[in-house]
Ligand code: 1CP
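Just the one chain here, laid out as structure tokens, in the form predicted on its own.
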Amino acid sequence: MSSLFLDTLSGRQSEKRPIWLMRQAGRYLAEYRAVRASEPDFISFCLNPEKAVEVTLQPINRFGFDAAIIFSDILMVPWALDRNVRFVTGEGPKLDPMETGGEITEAMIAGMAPRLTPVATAISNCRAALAADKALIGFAGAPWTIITYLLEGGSSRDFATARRWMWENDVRFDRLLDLVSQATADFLALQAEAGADALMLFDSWASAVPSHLRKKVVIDPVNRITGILRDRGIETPLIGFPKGIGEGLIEYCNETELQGVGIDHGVDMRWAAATLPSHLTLQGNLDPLSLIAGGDAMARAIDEILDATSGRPHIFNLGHGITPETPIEHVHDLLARARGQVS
């Protein structure tokens, strides 16, 4: 299958940029909110293939993005590992926090697939419903980010529990990192085998890792996951998104075999375009809040990103997920501007 998104991710440069937005299937769309209201909880929503496909396709039908990302969540792996994942209104995700690391075993990982079958079904059905020129992205949380949720029992401001656990439990932490990397690779493999055209690895809390531990905690797990996928004959392209690591992007990109890298809005895109390996496709990095403001300020920011990346393959996206407050008309304005349909 050929598409502008996949061609660009393979390293081909084009004046026309493929566009999709992180969290493009979400609460800023009235049609999404209507479907969400029909399910009792978020996990049930993610595990309903019919509804997951419906909301995955909603932004494609409304805006014509070049790629869809399957509606799911980075916490599906902890859920499949019996960590009692639930979403509390006004508080976000909650899990039963781990204490020893022994709460996860190889046998549990081997038994994940049946529990995650609804995600595979949604991907297969979504791929069948998408036009041939629209790519479908599967995804997972990167091991460190998943470990923070496992140890903290939810979101955190400073990840003190996870960081302290990492310092005080060297051998156990290494074992946990290895197990979560295996589980993540298995989940990505399931999605690729179901029909995902590309895969994305979200390391949302990479910024919390001390710089001298980035290789061990952030980079090596990417290579382990990639190695597992390639050993299984899965050649699906992979995009990494180590949010917040700044200059650590250099080591991250030089020492992994990714096809693309997401750039968050805290990174100078001119620096990224000039510094990161030329074979790597860049993705990003418009500030999501600029979409709320809209107007000339957003237009200038879009133009700056397009100009900064004019010499290399680039997928236009945000520097993080679209926010629920985003006006629909501003998304239309973004698409028109990024596609050169306005002057």
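Being a predicted model, the structure only gives us computed values, none of them experimental. Heads up: residue numbers just count along the shown sequence, starting at 1.
The same protein has a further form, the form predicted together with coproporphyrinogen I (1CP), not shown here; the description that follows concerns it.
Every residue in the set Ile74, Phe139 and Tyr149 has a non-hydrogen atom no more than 4.5 Å from coproporphyrinogen I (1CP) in the model of the complex. Only one of 110-118, 204-212, 188-196, 174-182 lies within 4.5 Å of coproporphyrinogen I (1CP) in the model of the complex by heavy atoms, and it is 204-212. Contact between Ile69 and coproporphyrinogen I (1CP) in the model of the complex is found at the 4.5 Å heavy atom cutoff. Looking at Arg17, you'd find every heavy atom of it more than 4.5 angstroms from coproporphyrinogen I (1CP) in the model of the complex. Of the heavy atoms in Gly26, some are within 4.5 Å of coproporphyrinogen I (1CP) in the model of the complex. Looking at Tyr32, you'd find a heavy atom of it within 4.5 angstroms of coproporphyrinogen I (1CP) in the model of the complex. Checking Asn223, Ser155, Thr161, Asn169 against coproporphyrinogen I (1CP) in the model of the complex, a heavy atom within 4.5 Å turns up for just one residue: Ser155.
Though coproporphyrinogen I (1CP) is absent from this view, in the model of the complex it lies within 4.5 Å of a heavy atom of just one residue from Pro93, Pro237, Gly248, Gly101, which is Pro93. Contacts with coproporphyrinogen I (1CP) in the model of the complex, taken as any heavy atom within 4.5 Å, map to no residue of 227-262.
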